[in-house]
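In the block that follows, a single chain appears as structure tokens, in the form predicted alone.
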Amino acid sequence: MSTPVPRTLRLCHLYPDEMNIYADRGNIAVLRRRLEWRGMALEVVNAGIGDGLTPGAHDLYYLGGGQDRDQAIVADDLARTKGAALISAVDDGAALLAVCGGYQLAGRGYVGVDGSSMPGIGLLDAETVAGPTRLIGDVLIAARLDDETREVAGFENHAGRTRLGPGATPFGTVLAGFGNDGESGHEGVVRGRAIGTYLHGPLLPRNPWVADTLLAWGLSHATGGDVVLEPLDDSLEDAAREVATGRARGERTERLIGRRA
């Protein structure tokens, strides 16, 4: 017997005012529209500075990236008022997408070039230290979720070099671009139904497979069973990803030619 699908998915948007750079609010817009196309709704609750999290109140959490100043403010509040509850929610089967600065703060912390540090909550087994240059450009990875591997395209812009713990599972393998640190060949990290990644752009408009995976995870948390979403016509999204894929592969070629020169 199939699991009944709820008509509403409950999403908690963490720090929407402070952690909203590179138009990553578009990720939530994509989640909302893909639910609407299936006759469902997205209920969004914002959680800002000083707000706590209610256990079991949400099925999907979103934490975006921000400027360094805002990220420093958020880091302390996240660790103090939300960290334990967010870890508990993910352990209970809720889904999470943490992008760039959010990815860093969901890990074990961030150390700046000047030696200053921001606390992380340790949800993700990853540590980040700022490097001397920024890693910028289109990026393409072979991502793996639920035992399925697909190409995922995005844009990265980060000074942090993120190292995963020995038992951590990367979100994907870098095909073009830099990824976590420009050396390991890893991009992002996955723990349970939580994804941490540097992919901006925003990520989900060009990668509907990732969007639907997050939605299915969230709906599965809401129902306590496995939810399989009916497919949609993703021809426009696939075309956009192909453009980004070609751009990422072209940039990689240019970098290799430059190095040989």
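Residues carry their position along the shown sequence, with the first being 1. Note that the coordinates shown come from a computational prediction; the quantities given were computed from them, not determined experimentally.
In what follows, reference is made to the form predicted in complex with a small molecule, a form of this protein that is not presented.
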- Indicate whether R191 is a 4.5 Å heavy atom neighbour of the small molecule in the predicted bound form. no
- Task: Check whether H158 has any heavy atom within 4.5 Å of a heavy atom of the small molecule in the predicted bound form, and answer yes or no.
- Result: yes
- Message: Although the partner isn't part of this model, could you tell me whether A240 comes within 4.5 Å of the small molecule in the predicted bound form, counting any heavy atom of the residue?
- Response: no
- Does the small molecule come within 4.5 Å of any heavy atom of A244 in the predicted bound form? no
- Query: Between the options E36, D68, D234, D226, which residue brings a heavy atom to within 4.5 Å of the small molecule in the predicted bound form?
  - Reply: D68
- May I ask whether L145, R150 and T213 all come within 4.5 angstroms of the small molecule in the predicted bound form, judged by heavy atoms? no
- Item | Answer range among 80-88, 181-189, 164-172, 103-111 for contact with the small molecule, defined in the predicted bound form as heavy atoms within 4.5 Å | 103-111
